[in-house]
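Take a look at this single chain, the form predicted alone, given in structure tokens.
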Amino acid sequence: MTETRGERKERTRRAILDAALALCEESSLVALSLRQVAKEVGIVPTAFYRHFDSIEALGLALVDESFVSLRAMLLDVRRSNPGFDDTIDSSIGILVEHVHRQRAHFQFIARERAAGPAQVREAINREISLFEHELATDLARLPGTVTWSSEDLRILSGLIVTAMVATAEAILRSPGRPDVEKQIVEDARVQLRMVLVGALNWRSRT
């Protein structure tokens, strides 16, 4: 079957994204040049601009890819309205599965969150803040939180998301170590349960 122009363009775009992930394995996006990416893909540098305006725009596309499916899956967990323990187990399970399935993306996020271009760092922080905002909205529906202030909800959601991010980064630092990963996951479950037990006994001062 003859490849259409649109299919060819999408294949090249995908190759550019994959090449950038591979080239960034040992360094940050700030050290990556457009020419390096073009050479890796086998296109002339000017062809890069048919897909992305800049290296930063390429980085933003990778950020979007990394977060969009994870947010959708975690949203499904929250919409199913399970119990607290089930929510924790399901959310951590999804996170671990996603880290394994998109390890290169998560490694990219972990690096660029600290050392990437300003636009990319800001995009990552916006995605994490969006997680926190969505979670705070869900937490407001839990029994016992009706009198909580928006600040209380924000702090709790921040604690939970921070723990999830730390868990993902710990898994990335332990490739090929199932025993270590198992302990990381169990520690995360206990940590989140402790946070929720404490939170459900919290009384807002406002």
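Being a predicted model, the structure only gives us computed values, none of them experimental. Under this definition, the rigid core comprises the largest set of C-alpha atoms superposing within 1.5 Å between the forms. The first residue of the shown sequence is 1; numbering continues from there.
The same protein also has a form predicted in complex with a further copy of the same chain, omitted here; what follows describes it.
J.: Looking in the predicted complex, any heavy atom of Arg11 within 4.5 Å of a further copy of the same chain?
T.: It does not: once a further copy of the same chain is placed as it appears in the predicted complex, Arg11 has no heavy atom within 4.5 Å of it.
J.: Does at least one non-hydrogen atom of Glu56 fall within 4.5 angstroms of a further copy of the same chain in the predicted complex?
T.: Contact check for Glu56: no, nothing within 4.5 Å of a further copy of the same chain in the predicted complex.
J.: Tell me, yes or no, whether Asp18 is in contact with a further copy of the same chain in the predicted complex, where a contact means a heavy atom of each within 4.5 Å.
T.: Output for Asp18 is no: heavy atoms all beyond 4.5 Å of a further copy of the same chain.
J.: Though only this chain appears here, would Leu156 touch a further copy of the same chain in the predicted complex if you measure heavy atom gaps against 4.5 Å?
T.: Leu156 belongs to the contact set for a further copy of the same chain.
J.: Find the only residue in Ala47, Leu142, Ala31, Val180 having a heavy atom within 4.5 Å of a further copy of the same chain in the predicted complex.
T.: The option sitting close enough to the partner is Ala31.
J.: For the interface check, one of 133-141, 37-45, 161-169, 59-67 should have non-hydrogen atoms within 4.5 Å of a further copy of the same chain in the predicted complex; which one?
T.: Every other range fails; the passing one is 161-169.
J.: Honest question, do Asp89, Ser91 and Leu95 all end up within 4.5 Å of a further copy of the same chain in the predicted complex by heavy atom distance?
T.: No, none of Asp89, Ser91 and Leu95 comes within 4.5 Å of a further copy of the same chain in the predicted complex.
J.: Taking a further copy of the same chain in the predicted complex, which residues of 141-155 have any heavy atom within 4.5 Å of it?
T.: Those in contact are Trp148, Glu151, Asp152, Arg154, Ile155.
J.: For Ser33, does the CA position differ by 2 Å or more between the shown form and the other one when the superposition is done on the rigid core?
T.: After core superposition, the displacement of the Ser33 C-alpha between the shown form and the other one reaches the 2 Å mark, so yes.
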